[in-house]
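Take a look at this single chain in structure tokens; it is the form predicted on its own.
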Amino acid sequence: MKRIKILQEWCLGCRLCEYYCAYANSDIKDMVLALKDKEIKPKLVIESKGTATFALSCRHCHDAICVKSCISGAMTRENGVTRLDREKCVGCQTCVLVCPFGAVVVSEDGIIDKCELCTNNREGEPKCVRGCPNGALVLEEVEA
């Protein structure tokens, strides 16, 4: 399974990755137009507890309980990525309740939202990973 890992020793806590995430999911080509004077809604959130810093995002679990519990078939696994088909989502929020990591959230329109590792772009790796100025985020392949 693939997931985004944070290298705590390199994280500055700048949260720039959150902005890159929100920009990547905005469908607007200009970052300034996409984010300026707007509340950002990233699918990856950086949390800090004392000296520990971690990235809260979908772990793309091999045996994903969110996929198993989805009553509409909107959540699927494809090439190691847990994906969401927004057209099929009925907004029952079962996946939100069962996700042990709190990585599935409800968007403003009532449809579920989650990190899909920027699989909709053609740059190879998620924008949060590419945009981290210190290289603190890495996309890793983890055995199930």
Partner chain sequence: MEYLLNEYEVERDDYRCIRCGVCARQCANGVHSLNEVTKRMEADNSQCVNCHRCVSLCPSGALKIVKNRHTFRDNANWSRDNITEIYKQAATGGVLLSSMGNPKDYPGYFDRMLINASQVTNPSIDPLREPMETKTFLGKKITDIVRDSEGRIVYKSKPGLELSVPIMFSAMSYGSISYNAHESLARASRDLGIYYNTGEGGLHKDFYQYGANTIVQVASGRFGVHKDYLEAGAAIEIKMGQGAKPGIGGHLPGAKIIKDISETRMIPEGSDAISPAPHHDIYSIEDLRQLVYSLKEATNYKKPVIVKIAAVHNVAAIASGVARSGADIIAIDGYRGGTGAAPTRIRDNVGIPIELALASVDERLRQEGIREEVSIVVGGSIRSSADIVKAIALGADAVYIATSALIALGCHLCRNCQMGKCNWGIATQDPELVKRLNPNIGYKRLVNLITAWKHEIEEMMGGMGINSIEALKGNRFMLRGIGLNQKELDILGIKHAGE
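Residue numbers count along the first chain shown, from 1. Take the two forms, find the largest set of C-alpha atoms that superpose within 1.5 Å, and that set is the rigid core. In this text the structure is predicted, and so the values were computed from the model without any measurement.
This protein has a second form, the form predicted together with its partner chain, left out of what is shown; the following refers to that one.
Site annotation in the predicted complex: the residue of Val32, Leu97, Val90, Ile28 reaching within 4.5 Å of its partner chain with a heavy atom is Val32. Looking at Lys49, you'd find every heavy atom of it more than 4.5 angstroms from its partner chain in the predicted complex. The closest heavy atom approach of Asn134 to its partner chain in the predicted complex falls within 4.5 Å.
In the predicted complex, at least one heavy atom of Gly13 sits within 4.5 Å of a heavy atom of its partner chain. The rigid-core alignment places the CA of Ala52 2 Å or more apart between this form and the one not shown.
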